[in-house]
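One protein chain, two forms: both are listed below as structure tokens, the first as structure 1 and the second as structure 2.
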Structure 1
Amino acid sequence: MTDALWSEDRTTPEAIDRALRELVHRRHMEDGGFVPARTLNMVCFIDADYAGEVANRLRQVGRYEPSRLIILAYDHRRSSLQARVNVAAAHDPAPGELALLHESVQIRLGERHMDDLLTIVDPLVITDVPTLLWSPHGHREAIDALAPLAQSVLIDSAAEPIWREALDGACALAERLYVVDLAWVRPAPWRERIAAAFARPSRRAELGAIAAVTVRHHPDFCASALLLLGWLASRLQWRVEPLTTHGSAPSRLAGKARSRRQEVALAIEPDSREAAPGLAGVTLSTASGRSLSLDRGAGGLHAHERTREGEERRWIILGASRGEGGVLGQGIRQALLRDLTYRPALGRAREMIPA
């Protein structure tokens, strides 16, 4: 990693912008192989006390690093802007090759700057490059203030303590910006594997015969389980109704959906043994008596199929866990794509929230 640094107390957006230009220019003069990445702006609004933790999370995204990262570290007492700019490349360019420069700006700001967030950040984002907002410590007011300069917002519905508020909040944001929800990104491999289980023409007919779905999850990730059921309901056109709590755990939920052919029993169960964030397992059963379970395990998802004749089969669906760093990286990447299946799934998930 090679860096060029600049910092200033009592600074201004104009001075920060000038520093960015100068540092990029200086790196390019050092070696013409240094070229600035121009893919994505990412603006993070965080509590200053947790700046290190967020920086650590962002370091783990690997190749999905945003081109320009602007971290707004909020300390309500702060009266002036303090900024640090870093223009870094992962390595020096080899002869005849390029090395990408990534720019990061950390601005410490206070309560008095909150009304001016847009004018502080706007001069610092790269023009004509998409901008992603992220406020991992709440601060919805910052997202609202910065929304006019962004195209997408990164959230994690699973990180919110109250599902209804999390999913309602996601829905409201989706009216204004493209929402990348880590609670949706995290179980993407599960959606792919469930789709694959019904890929064969001979199996496709069974989609209409699904009679029961149980989703098991890490106790903190009920929102991901709800979104998975919401996805199935929206793709398969099930009518859903609020689930009810079931048993002692507040996130043990059960209920019904109605497909074209029959009723579908739905269940969401926390799995206290599951250490990995997200889903722990899914079981789908059909009216004909076939069932398929997918459970997190060593080397990938462990599949267990039971045919209507009672035969049992087990196999491993290969795949490495991406880890939370990988999930965040995928979330950043999703800001450049458009998944049109999230909003319908979110809508059905909200309909299933217990009354």
Structure 2
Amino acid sequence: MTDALWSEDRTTPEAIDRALRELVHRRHMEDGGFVPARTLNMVCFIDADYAGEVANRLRQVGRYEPSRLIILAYDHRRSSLQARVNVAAAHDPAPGELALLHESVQIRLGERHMDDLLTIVDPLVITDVPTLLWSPHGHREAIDALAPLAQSVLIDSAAEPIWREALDGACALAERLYVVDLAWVRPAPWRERIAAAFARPSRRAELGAIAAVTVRHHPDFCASALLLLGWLASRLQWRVEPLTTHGSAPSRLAGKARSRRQEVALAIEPDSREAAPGLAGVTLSTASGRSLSLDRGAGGLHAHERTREGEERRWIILGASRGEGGVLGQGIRQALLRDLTYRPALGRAREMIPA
């Protein structure tokens, strides 16, 4: 099956909108089984030099592909809009069945268009469908300009060079839009495994007995480690205070929280051996002497449990890693299925940022 394509240099938003409508109509006239998908707009503001890299990432999201993808590729030298529109389905419709059409628009624009972003994008988003913003190369000014069109914004606090500022920025954005943070999505399997470890009724009482938590992370992903501690603190109602820096590594942190029963020792440690993005390991210890460690390893998460009687058990939890393509896909999905635990965790993580 060939895609329906259109492109034009020195174009206008009105011409792009007209091309989208005509291409969708053409596909439907070819076969009545072709119908446009209508679940999510996604607007990406990117540096034009990295358009290929971003396109590769978006191709890996699989079934979480947005209904209409609008890519604004910024090249400060451009003086006119250049656009390319593509309307395609993953397969031809079988007799009596439907095939969803997904639409993508790539617009190359320049510095002179930065004050008109809202005017350019407004005619192109599908009305009555949620809109997600994403700017993987920074450009906070573009997010601010397009925010009136959107309900949610996709960020990655771990990708920012200064994680303290990243968490502050996430809090500021959360006042205006629903925030999907890839630094939160990436460690979701870790949260799920920790929650599962205390899911049995006989284990739930031990949640109140947690006395120490150590989070190990890739040196560039301190934000994910802080968010994990923030999640524990918000769910277990710990009182927290700013952590302190230990040693030469700015992301080696330690401090204490206060649960209803006792103090909880907190530690965040960078692991220079870890090449994969995100967390490298988590260890939780209770006042009764039980401990649980999860560490990234071949085949999944390697679990090590020690009971209060000193008995030890080791096993591997399969399928914990989803890869960066899977993480981005889950982030797009979360724009529709909202996670209400992120913002409380973000607030607690921000309280733990060293003074």
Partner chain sequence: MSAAAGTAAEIAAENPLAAGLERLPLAPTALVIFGATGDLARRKLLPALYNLAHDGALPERFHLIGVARREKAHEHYRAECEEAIRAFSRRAPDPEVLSAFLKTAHYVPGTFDDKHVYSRLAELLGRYDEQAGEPLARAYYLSTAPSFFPVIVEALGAEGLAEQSEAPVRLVIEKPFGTSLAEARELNRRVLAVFSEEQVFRIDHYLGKETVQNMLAFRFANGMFEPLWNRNYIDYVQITAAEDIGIGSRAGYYDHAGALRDLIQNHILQLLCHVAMEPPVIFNAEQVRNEKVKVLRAIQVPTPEEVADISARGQYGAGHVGGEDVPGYREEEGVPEGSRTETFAALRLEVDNWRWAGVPFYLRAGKRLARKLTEIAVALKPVPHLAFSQEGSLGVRPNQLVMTVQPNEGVSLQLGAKIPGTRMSIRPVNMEFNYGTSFLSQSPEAYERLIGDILLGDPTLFTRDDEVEAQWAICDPVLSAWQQSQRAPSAYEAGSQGPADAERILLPGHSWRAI
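Note that the rigid core is defined as the largest set of C-alphas that superpose within 1.5 Å between two forms. Worth saying up front: this structure is predicted, and the values here are computed from it rather than measured. Each residue is numbered by where it sits in the sequence of structure 1, with counting from 1.
Note: the form predicted in complex with its partner chain is the first of the two, structure 1.
Relative to the superposed rigid core, Gly289 undergoes a CA displacement smaller than 2 Å between structures 1 and 2. After superposition on the rigid core, the Cα of Gly52 moves by less than 2 Å between structures 1 and 2.
Relative to the superposed core, Gly299 shifts its CA atom by 2 Å or more between structures 1 and 2.
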